[in-house]
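Read the single chain below, which is given as structure tokens and is the form predicted alone.
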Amino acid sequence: MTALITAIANLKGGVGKSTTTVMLADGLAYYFGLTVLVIDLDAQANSSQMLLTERGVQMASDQGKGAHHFLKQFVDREPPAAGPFIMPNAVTLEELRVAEEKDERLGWVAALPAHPQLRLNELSLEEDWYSNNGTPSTLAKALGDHMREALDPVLPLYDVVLLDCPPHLSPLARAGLSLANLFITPTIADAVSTWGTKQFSQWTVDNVSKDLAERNFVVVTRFRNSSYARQVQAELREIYLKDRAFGPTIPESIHVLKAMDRAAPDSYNTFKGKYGGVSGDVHRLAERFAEFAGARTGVSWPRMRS
């Protein structure tokens, strides 16, 4: 069975895309024993830093790993292959590490990380492509075809691929979206984020997936329990995105920020030690997404941990 590819995306920045990506990767690996590949297509490299640390991201780059090296493969017209650019170990949880040491793997996280160099490589590619009469759409298609062929041999190694997409619609972002079976839309319960979410939703329906509503899982993040936030959230659920599935609401919490701060590339923490007061939120996020994926695709992931 091949991996289920899920894009985590929104036009609005700062809505918790990378945090949602990491929380979901950990939740699916921990509770369901899944092998998860995180592909970071955002040059800000936030999810990569959360998983590997800043030093780990640079170490990966120095080893020839990462999305910017993968993009260079396309530029150099080399045969498509994603495997060489993947960091096979992006695990931060002690329970997963210990199980692996006992040769009883029960959940795992790997990463194809981003690096700030990605945006420079992408800009150079765009300039060359457009100077030869190419267009953003033809570049997006060519990149999507390359990525699809490059990932095809490694997809059987994973249960889920999470694509952390940048907050814009560059050809690389569009290529990533074209690969997705499902779409997760993180958003914040405020007017500006709602506007960005509506715009992204309409663009995706028009250009990527006409049946987006059936494949869209919305997560309200950084939620402040105020009357205003409750009103905006209700409007999202009952008016603007009433035909979508909603995941659990993730509260704004210092626990989330602390959970995303890994001490060193070789440091690990227990699930409860990492997530503390938001452990239940990660649990609910993974459980609700598993139910959503099962209903849309027929996949069934039994619980491995309680």
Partner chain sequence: MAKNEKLDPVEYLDRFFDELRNEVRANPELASRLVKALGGSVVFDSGDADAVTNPFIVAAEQDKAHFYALYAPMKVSQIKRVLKENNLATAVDVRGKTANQLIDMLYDRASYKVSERRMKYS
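What you are looking at is a predicted structure, and each value in this text was computed from that prediction instead of being measured. Positions refer to the first chain, counted from 1.
There is another form of this protein, the form predicted together with the partner chain, and it is not shown here; the text below is about that form.
- Of the candidate stretches 79 to 87, 150 to 158, 113 to 121, 192 to 200, only 113 to 121 has residues with heavy atoms within 4.5 Å of the partner chain in the predicted complex.
- Annotation: in the predicted complex, residues E126, T138 and K141 none come within 4.5 Å of the partner chain through any heavy atom.
- Note on the partner interface in the predicted complex: the residue among V57, M50, L37, A29 having a heavy atom within 4.5 angstroms of the partner chain is V57.
- This chain is drawn without the partner chain; in the predicted complex, the residue among E94, D145, E100, E235 with a heavy atom within 4.5 Å of it is E94.
- Contact annotation for Y268: at least one heavy atom lies within 4.5 Å of the partner chain in the predicted complex.
- Using a 4.5 Å cutoff between non-hydrogen atoms, S279 does not count as a contact of the partner chain in the predicted complex.
- Put simply, K242 is far from the partner chain in the predicted complex: not one heavy atom of it is within 4.5 Å.
- In the predicted complex, the partner chain lies within 4.5 Å of some heavy atom of R262.
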